[in-house]
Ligand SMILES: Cc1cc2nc3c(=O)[nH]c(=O)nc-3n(C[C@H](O)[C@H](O)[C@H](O)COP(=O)(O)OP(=O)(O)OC[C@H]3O[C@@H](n4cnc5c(N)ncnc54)[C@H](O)[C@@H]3O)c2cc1C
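Only one chain is shown below, in structure tokens, and it's the form predicted on its own.
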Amino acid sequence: MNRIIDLDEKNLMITMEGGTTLSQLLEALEKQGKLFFPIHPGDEGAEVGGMVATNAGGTRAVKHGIMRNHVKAVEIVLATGEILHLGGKLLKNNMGYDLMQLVMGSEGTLGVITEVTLRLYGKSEFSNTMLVSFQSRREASDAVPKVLQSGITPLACEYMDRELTLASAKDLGLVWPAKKGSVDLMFIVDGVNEDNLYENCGKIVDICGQYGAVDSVVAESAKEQKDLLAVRSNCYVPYKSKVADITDIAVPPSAVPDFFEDVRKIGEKYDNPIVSLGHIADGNMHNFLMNRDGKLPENYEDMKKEIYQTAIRYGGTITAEHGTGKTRTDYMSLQFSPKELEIMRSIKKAFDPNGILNPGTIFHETAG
């Protein structure tokens, strides 16, 4: 189940079996040379069917959205053994209910994804990676909306507490180039040509300077760009034994500064040194809740629930890209009304009447 079935250059689409890895997809596009697929969740061993089932996101979501924005067709096998072919090589399709949208992000609870058609895009030859450093979270998060309002939409806009990047760089045997400040924004920027690219980078530096930026570093070479991305992707590894949980909160981007402040206060309340990173232009922040002496802190559940409630108060969500899974099922009622949960259970039962598909995921009980 890992064959690339059709690379359709005229329609800018690619069809492959569900077990095809992201690495295989990228390799095929590299050989083709002119097209690219934007979603990269950080692990190129991820299978395309799984990326659809989890509605994967990643660093480039600020410009290109998440997986569901690029899926044009899926083949799924239902629990009854019946096969559905949903969608097609269409840019518009408004006939009936869109069952394909239900399948995306359903985490294997509605059917087994066996084939996927994805939309592709023309490859940009001009891109750059840069860091802009600030003294505080609020300054950094206030600068981001102004960058987006300027007409520049970066491929990526990542927020990182310096503590995380220093530990990650040390773990990889690299040196983090930013020396001033305590937090960093990492921008990946593209342009139609080299002049346009550097003009966009200059605008970002100027705007961030108006919000207290203390330094900026541009990764000149391909290796420097690769090293910055490697450090960002590795941030969890040095903390693996120290972390009780990593939240996947998202709030409206304008609420990020106030949400940051509330998380800081919650950390102080529970005596927990929370550190953060995330896709700040999407309002999607990952907060590292720390263990105490190698064990879960006694107040861990209360602290996590309070952070969830804070996100919801700002019109946010408990999970933006990681999914409900089996670990967040207890918190569904914080975000959804009884009627919404009833409808979701009905959908599950319609697709999987005997509750045999990934039982215990999203809902504790099976649908049967």
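Owing to the predicted nature of the structure, the values given are computational and were not obtained by experimental measurement. Start at 1 and count along the sequence shown; that's the residue number.
One more form of this protein should be noted, the form predicted in complex with this ligand, which is absent from this view; the next part is about it.
Query raised in the report: Among 308-316, 39-47, 334-342, 23-31, which stretch has residues whose heavy atoms lie within 4.5 Å of this ligand in the predicted complex?
Result: Single hit among the candidates: 39-47.
Query raised in the report: Is there any non-hydrogen atom of Gly111 lying within 4.5 Å of this ligand in the predicted complex?
Result: Close contact exists here: in the predicted complex, Gly111 approaches this ligand to within 4.5 Å, heavy atoms only.
**Report entry** Interface membership of Glu107, this ligand in the predicted complex, 4.5 Å heavy atom rule
**Finding:** Close contact exists here: in the predicted complex, Glu107 approaches this ligand to within 4.5 Å, heavy atoms only.
Query raised in the report: If you check in the predicted complex, is Thr15 within 4.5 Å of this ligand, heavy atoms only?
Result: No, Thr15 sits far enough from this ligand in the predicted complex that none of its heavy atoms falls within 4.5 Å.
Query - Any non-hydrogen atom of Thr324 within 4.5 angstroms of this ligand in the predicted complex - result: Contact check for Thr324: no, nothing within 4.5 Å of this ligand in the predicted complex.
Requested in this report: May I ask you to choose, among Arg162, Arg137, Lys72, His279, the residue with a heavy atom within 4.5 Å of this ligand in the predicted complex?
Outcome: Of the listed residues, the single hit is His279.
Report task. Output the sequence-ordered list of residues from 49-63 with at least one heavy atom within 4.5 Å of this ligand in the predicted complex. Result -> The stretch 49-63, when checked against this ligand in the predicted complex, contributes Gly49, Gly50, Met51, Ala53, Thr54, Ala56, Gly57, Gly58 at the 4.5 Å heavy-atom cut-off.
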